[in-house]
Structures are given as structure tokens and as C-alpha cells.
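Just one chain is shown here, as C-alpha cells, and it is the form predicted on its own.
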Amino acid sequence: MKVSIIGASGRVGKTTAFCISEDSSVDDLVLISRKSSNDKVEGEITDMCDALAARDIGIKHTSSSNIEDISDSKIVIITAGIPRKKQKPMSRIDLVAPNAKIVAKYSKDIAKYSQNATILVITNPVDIMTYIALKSSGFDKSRVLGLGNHLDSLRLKNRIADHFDVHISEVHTRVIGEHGDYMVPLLSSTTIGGMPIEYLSKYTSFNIDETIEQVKNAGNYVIGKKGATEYGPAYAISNVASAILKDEKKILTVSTFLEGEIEGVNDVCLGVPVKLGVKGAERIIPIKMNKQEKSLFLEAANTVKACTRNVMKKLDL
């Protein structure tokens, strides 16, 4: 299996490369970066291979600034773009204009040089960038995904496990909607050990609003402390890539193009539960929400759709 990462010199790109290198289903990994970053990526590859040797893992790594080298990839991951800065607090929406052109260009390149690939978009704001990648590539919607709310779901899972003092594997929860301020936690269907969360005694002391704000601001918190997020996104990306490469049929919350499957929402990319397999997004999973969750989800859809339309119009995409 061949996987390519566009934007491999960045912190998310290079950490993702290491995570994916540990996946037994990948034997060829291409790391695309600007020519000026080739030496850096070569150094990263050597360092990664030394670490992987300790686990008896050997795969082919290629550092390249030639986009044609992504040919015949099963998955192409786009991490390229302008990241949020520690020095200047930014929302993901602030990144729309500069990143839209980058994602559009690379999506067209993928369509030209790796026509059978599945595109996995990481660049923020990821829901809008996923839409741009879909329209720019011309691919079927099943083969264009964004990381979406998978990382948000993991962050919420962590905080619930901490509060209820249980092993993280016992927590089953999900965040949908926008990967941003309009994310929607599905607490109505959250369980711990198979039991609805509200059935547990510690639920009365669970500050839901505070927890959701922590999840929403988790990225900015990490950026403020260390300058960038890398491990969380990289392992979340690896989860999605692995589910596709190994045909696992896992249900993860990724950003995908909606055509009325959930609450009649259409012509927008949002994070929703999706069954992932060798064909990419094999099926959007219909879900039931309580009244509040449904209202928040529709608000997210309207907000992201309006912003997406504005970007597409301004950039003539």
C-alpha cells in the first residue's frame, strides 16, 4: 500500500508520517514538501527509520518536491497550509483565504497524478477545505474526506474518562458538526461501560458546558503551550488512514459531503459518523439527536455552508 503526505515538513505532517510508518499495511510512504524543505524531510526520514528499526519495521520512504511522485497512492493526505500561530491567536476560520488556494491546487494535482486515491484533508478549516478538495478534484464524495470531528471526539472521550475515573476504552462518545466553534457533542448517546452517561452518579457533578469549552479550545491551548498540535492530530489521522487501508468498517466522525442523509442537510461538508473501508467513506450513518443537538447541528450546517459559498465565490473555485 502506498500513502502520500503533502505538507510533510510541518509538525503534523512529519508526525503523521511516523504514525503511518508504524502501520503494517503501508509499505511505501511518499513525503511531499517544498524543495527548500527536502533536507529537513530527509533528516526526519533517517530519524524515523532508526526508531522503526527498534520495532523491526522497514518500509520505503521517499522525500520529494515533485508532486508526480504521489502516483498510484491509495491515500493522499493534505496537511499543507498556513497553521494557526502561537504569537497571534487565530480561529480556524481565519485560515480560509490562504489555505483554500493551497488545497484547491493540490486537489487538482491529485486528480491528475493519482486518480484512484482517497483524499484525506487535514488543513483547517477542515470542513470548508474538504468541500474545496471535493469540488476541485472532481472525485466521488466517498473518496474525499476531512479529519473532521474525529480528534474532537477523542478529546471529549479523554475528558469524560478523567471525570468519571474510568478506563478510556469504556467511554463511547462522539462530536459532530463543525470542527470549530459549532461542534456538537452527542451527549444523549454517550455511554460508559454500555450505560447512558446520565445513569452514573458522578453525572450530577459533570460540568458539561465547561467540558465542551475545553474541547473547543483544546487546539489553542496546546498551541499556546508548545506552539503547535502534532501528536493528537497525527494519531487521529492514522486512525482514519488505517480504517481505509485495512478495510476495517470502523465508524469514525469525519468530514464528508452531505446530501440529506442527516436532518436533510445538503451541499456542505460536516463531521458525521461514517463507515470507513477500502472504498473510503462507504456509508454515512443516520443518527438520532435530541432537540438541542439537532438545533446546534443545523446551526453548524448553515454557518459552514454560508462560509463555504463565500469562499468558493471569492476564489472562483
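All values derive from a computational prediction rather than experimental measurement. Throughout, we count residues from 1 along the sequence that is shown.
One more form of this protein should be noted, the form predicted together with a small molecule, which is absent from this view; the next part is about it.
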Point to revise | Proximity of Thr118 to the small molecule in the predicted complex, heavy atoms at 4.5 Å | key: no
Review point. Taking heavy atoms and a 4.5 Å cut-off, does Ile102 contact the small molecule in the predicted complex?
Key: yes
Practice item. With heavy atoms only and a cut-off of 4.5 Å, decide whether Lys275 touches the small molecule in the predicted complex. Key: no
**Study point:** the small molecule contact in the predicted complex: Thr229, any heavy atom under 4.5 Å
**Key:** yes
Study note, to complete from the structure: Residue within 4.5 Å of the small molecule in the predicted complex by heavy atom, from Val171, Leu95, Ile197, Ala243, is Leu95
Practice item. Please determine, with the chain shown alone, which of 243 to 251, 204 to 212, 133 to 141, 148 to 156 has non-hydrogen atoms within 4.5 Å of the small molecule in the predicted complex. Key: 148 to 156
